[in-house]
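Just so you know, structure 1 and structure 2 below are the same protein chain in two forms, each on its own as structure tokens.
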Structure 1
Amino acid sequence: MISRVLKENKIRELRLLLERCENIVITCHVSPDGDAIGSSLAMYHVLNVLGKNVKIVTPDMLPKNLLFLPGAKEIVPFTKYGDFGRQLFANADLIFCLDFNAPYRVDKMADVLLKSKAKKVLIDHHLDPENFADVVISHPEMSSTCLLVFRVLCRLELFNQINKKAAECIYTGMMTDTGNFTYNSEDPDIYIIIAELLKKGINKDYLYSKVCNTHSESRIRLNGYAVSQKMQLFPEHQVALITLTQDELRKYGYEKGDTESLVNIPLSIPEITYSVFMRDDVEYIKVSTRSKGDFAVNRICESYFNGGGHKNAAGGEFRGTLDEAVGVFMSILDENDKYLKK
């Protein structure tokens, strides 16, 4: 039996909205990861079982390693089908906002989301949700939004409507947002839920292989180059830094998702406590951070890189050049030392 943490009034409000609404749009954050896509597709499959008219509209394209998930090919990327996406938002009477805490996280789709007259439901596990949704189910203590979606569906008495397809999507998000259950994964309820997903028929080894162990040649070469040529170690500060420029990304035929787990690699070095990866995404510098133990990287992302996240896994964006972002990183090394265990 998993612990009961969701507030009954939130579940009651959501149940009433679902009873009254037929045209539903599900959306998630820009550059969607396994948790964003997994939670969106899980909700999509369950609502389909209920007979609702459901569409998923993402701000941009999915990474290739998630296209195998059931229902992924039905997703509408706003960057490719903008007019259709606008129409779906305009016709919706309910919008699920999953795995993001503020409208800016849907990028160029923010105005379309906010102008929609549809009721909005936020289900998310990031800190400090902004006040833009009618129903807010926010639990930053949860390791993934997929975990939270499972809990929500159970409290809505929809456990039996979680079919194998939905279960595969939930497990994928839980797995990817914890580094295959290597961080933010001490909650015993996680493993009770995994047991229930296994009973639904998922093959967890297959899902791990598809998401984490199936790579293109160009991705392998890019990551090999990044580690061998671009990884800098600062042992006195127990930190590693990897950077990739636009020219380097183009040289190796970078595609969305190709650097998804790159930031984790330096953490296998015993002397490294936290790792930072910076990628030039043209309009901004994408910053990813990971850590071991009690060192909180979300503090770095919140304070210096317009982001946030969890203690051991966080991200952000830097509006400037890659060199300027590196300069900020270098300037805070001494300050971060006081949080390290020597």
Structure 2
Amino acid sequence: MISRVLKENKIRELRLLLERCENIVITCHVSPDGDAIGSSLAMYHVLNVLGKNVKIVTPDMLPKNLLFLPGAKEIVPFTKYGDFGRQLFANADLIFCLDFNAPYRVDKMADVLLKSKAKKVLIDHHLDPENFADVVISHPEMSSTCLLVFRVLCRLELFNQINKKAAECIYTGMMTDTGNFTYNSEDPDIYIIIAELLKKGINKDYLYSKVCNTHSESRIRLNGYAVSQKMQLFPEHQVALITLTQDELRKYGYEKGDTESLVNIPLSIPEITYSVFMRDDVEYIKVSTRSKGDFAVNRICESYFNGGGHKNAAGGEFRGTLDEAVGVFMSILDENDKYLKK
């Protein structure tokens, strides 16, 4: 048995909303990852079993390595099908907001989401959810929204409606948000749930391979170049920095997702406590940060890079040049030292 963590009153409210609704929209954060897509699709499959009319609308396109997930091709990306997406939000009587904590995380869809008259249910594991949903199931102590969706479904007595397709989607998000169970993955319930998903017929090795072993030659070369030529270590500050300019990205035929796990690589050096990656995306500088232990990178992203996230994985968007972003990074090294274990 897994531990009981969800509040009964929230489950009761959600059950009532589900009984009364017909048209459901599920949405998640911009640049969706395995957890955002996994939790959305898992909910989608179970609601389909219940006979609901349900659609997933994402703010933008899915990364290619998630397109194999069952149901992924039915997803409506707002950047491609704006009018259809708008219509779905307008006709919905219930909206699930999964894996994000604030309307701005759905990017250009925020207005459409907020204006919809549908009841909104937030299921998420990011800190400090903004007050925009009718039912808020927020558990920052959970390693993934997928884990939370599994728990919600169980408490709604829908365990039997979790079919193999839903199980595959849940496992994928649990896996990607914990770096394949290498961080935030001490909770014993994770492994009890994995056992249940295996009994539902998932093949975890196949899922790992589909999500992680899909790299193109150019991606591998870009990452190799970034590590060998662009990684700067600041051992006295226990930090690593990697930057990639537009020219470098173009030279290696960069495609969205190609630098997905680059920021993690320097963390495998024992002396490095946190790692920062900056990519020039023209419109802004995309900043990604990762850390080990108690060192919080979301504080850095919130304060200096217009973003946020979790203690050990956070990101943001810097409005300015790459050089300016590096300047900010350099200027806060001393301040960050205060939070390091020496």
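The structure displayed is predicted, hence computed values, not measured ones. Whichever C-alpha set is largest while still superposing within 1.5 Å between the two forms counts as the rigid core. Numbering for residues begins at 1 and runs along the sequence of structure 1.
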Form predicted together with guanosine-5'-monophosphate, given as structure number: 2
Core aligned, does the CA of residue 284 move at least 2 Å between structure 1 and structure 2? yes
